[in-house]
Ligand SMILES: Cc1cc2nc3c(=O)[nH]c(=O)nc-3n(C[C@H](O)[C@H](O)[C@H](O)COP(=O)(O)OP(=O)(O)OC[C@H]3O[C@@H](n4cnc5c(N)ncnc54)[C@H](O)[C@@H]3O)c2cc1C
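Quick heads-up: it's one chain on its own, the form predicted alone, in structure tokens.
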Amino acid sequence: MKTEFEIIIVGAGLVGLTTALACAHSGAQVALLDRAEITGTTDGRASALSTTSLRLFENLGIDLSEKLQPIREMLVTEGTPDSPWRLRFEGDGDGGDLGALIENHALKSALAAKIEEIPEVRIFAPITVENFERIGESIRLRADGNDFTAKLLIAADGHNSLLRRKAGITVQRFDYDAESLVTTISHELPHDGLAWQRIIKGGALAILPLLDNRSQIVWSGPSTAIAAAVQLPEKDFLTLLSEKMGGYLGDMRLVAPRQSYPLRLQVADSFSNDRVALVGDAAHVIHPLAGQGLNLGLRDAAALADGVKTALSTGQDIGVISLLDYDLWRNADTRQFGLLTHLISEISGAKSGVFGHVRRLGMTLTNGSSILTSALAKRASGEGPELPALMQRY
């Protein structure tokens, strides 16, 4: 069994799989390890992919066209869709400039299928990682009694990352004492590609369009309220949900289990440390209100691939050159979004008082300014002056 590689990646979630593909695209020999078979998932969530994330997958040769629901309009309101307290972003008609929704299991299936076609990536799963150590200019990782060596180790092993702890990287964490309830509904009326987020008492309710006249529900609120909603009989839950949606989409039925996820803001103090890099949730977890968590992780993958390509094309140490700009580049982007989502969550939770007035005033002013709405939409799309190569138009 081959155990010597240029890069070892631990964690075959959406970001880990994408990182493996991106690094292989840059010419690296990659070992991808996970504690479970990479084709299996119980993740019932969907993700909003920004335009730059869609471009990344296109440049990696992954066809998602049959799996995507374009976002044709985005709406944030306090009240029903016709509320005067609203913030609206309208797409170009095809939904290309506002991104698209994809179910996580469908995206993982497409990524796993592409991995199987790439000889530069070797999969080791299921396998349990035990520890790693630095030996000279290499990393030696032990998993299920086997030793793997590489110049660069990438931790994509989630918010409780073992590799992050072993690398001595600390995190800053804020728990919201809140959770998100996630489920999928089918409904009587068409959603027309509208992604609607309604600010409700104590949190927010997002209704995200999916294919086949379905929508994903993401209800964020106090932990006690979410726990109670998960346990409600299905008929009572749908009645409550319809009330919170103001009857939008007509009759509904559940087509997926209700799952809940704790909400937190967590950012690593460093995204790399001596031949070890963090990506995805191992590096950062942000509030889901802005729908940017996965997109941040995908930018991690693309940024690392840039460094890997530079190292390989110049014949330099991949474990050093790949990380020269990575920490600064990704840390700044993540902290900006982390702060933004934290402020949004705090303001959204205020039904009255100063924060409530600030929220309504901000919606009114922003919605009335095409410059502000355009700037916000561009920021959410991931577009900017310094994009990784795989997120640029070829």
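Start at 1 and count along the sequence shown; that's the residue number. Note that this is a predicted model, so its numbers are computed, not measured.
Keep in mind that the form predicted in complex with this ligand is missing from the display, and what follows is about it.
Out of the listed residues I127, L205, V255, A110, I127 is the one that sits within 4.5 Å of this ligand in the predicted complex by at least one heavy atom. The partner is absent here, but in the predicted complex a heavy atom of A46, alone among L60, L68, A46, A31, sits within 4.5 Å of this ligand. The three marked residues, R140, A167 and G319, fail to reach this ligand in the predicted complex, with no heavy atom of any inside 4.5 Å.
The closest non-hydrogen atom of G158 lies within 4.5 Å of this ligand in the predicted complex. The shortest heavy atom separation between Y261 and this ligand in the predicted complex is within 4.5 Å. Mapping the unseen interface onto this chain, G293 counts among the residues with a heavy atom inside 4.5 Å of this ligand in the predicted complex. Interface residue remark: G280 is counted as part of the site for this ligand in the predicted complex, having a heavy atom within 4.5 Å. With the partner left out here, this ligand still marks one of 60-68, 322-330, 46-54, 22-30 in the predicted complex; by a 4.5 Å heavy atom cut-off that stretch is 46-54. In the predicted complex, V218 is the single residue of 218-239 with at least one heavy atom within 4.5 Å of this ligand.
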